[in-house]
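Starting off, we have a lone chain in the form predicted on its own, written out as structure tokens.
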């Protein structure tokens, strides 16, 4: 898996929400997007997911430009903003309904994904009765259940307790070791350093700083 973002700008209402973004990302690595709310983190993830298209520039996934019939990465797992599930169904049924869209996995993989995030596959509670932390865990399970090559996690640590944060770190490492390309965002720099190999800092829609993890686990500012 390789993603190249080349000279990408996204303009809405005559305002550049993202400006001249250039990034090169490969599988088996974790990339973090850092910045305050409104800096463009989620918009950039939406662009990588193919949910919005650049006003200028382009995004290539494995050498193919995201456009037209090739608007979305082929094998992607996504947790973006507030995940939408059906209130009247259990977590397991929600994931089963989503899995049936592409029929890539069965019930065993769904059950395993729920267990990985600390949810009981046999829990009969409806989604509407889930706590915020449980809803976040279900969103993470949805993002990883089909073993995607590209995993996008927008603020994955939000609403999680300490156990949930550690669980998410473990999952991110496992998926990285499997060879997935992981892009995650957070306004919390320390949380990003616990998982990411490289961190891009965004300010007003621009990548203004680039940090790379060294062998001793510390980060050093690198060239853009």
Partner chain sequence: MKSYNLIRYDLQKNIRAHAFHLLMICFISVFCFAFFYADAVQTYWSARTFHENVQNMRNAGVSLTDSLLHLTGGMLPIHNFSNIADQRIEDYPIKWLVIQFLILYFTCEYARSDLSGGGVQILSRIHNRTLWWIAKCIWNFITVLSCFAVLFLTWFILAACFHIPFTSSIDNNLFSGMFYALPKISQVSGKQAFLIFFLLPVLTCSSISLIEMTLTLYVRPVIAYILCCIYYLAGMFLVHPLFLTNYSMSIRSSIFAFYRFTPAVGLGICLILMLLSIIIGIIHLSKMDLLDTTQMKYTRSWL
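Keep in mind that this is a model prediction, so the values were computed, not measured. Numbering follows the first chain given and starts at 1.
One more form of this protein exists, namely the form predicted together with its partner chain; it is left out here, but the text below deals with it.
The stretch in contact with its partner chain in the model of the complex, judged by heavy atoms within 4.5 Å, is 44-52, chosen from 23-31, 194-202, 44-52, 173-181.
Taking non-hydrogen atoms only, residue 13 approaches its partner chain to within 4.5 angstroms in the model of the complex.
Proximity of residue 84 to its partner chain in the model of the complex: non-hydrogen atoms within 4.5 Å are present. Although the partner is absent here, residue 131 is not a contact residue: none of its heavy atoms lies within 4.5 angstroms of its partner chain in the model of the complex.
Taking non-hydrogen atoms only, residue 63 never approaches its partner chain to within 4.5 angstroms in the model of the complex. Against its partner chain in the model of the complex, the set 72, 97 and 142 is in full contact: each member has a heavy atom within 4.5 Å. With contact defined as any non-hydrogen atom lying within 4.5 angstroms of its partner chain in the model of the complex, the contacting residues in 85-110 are 86, 88, 89, 97, 98, 100, 101, 102, 103, given in sequence order.
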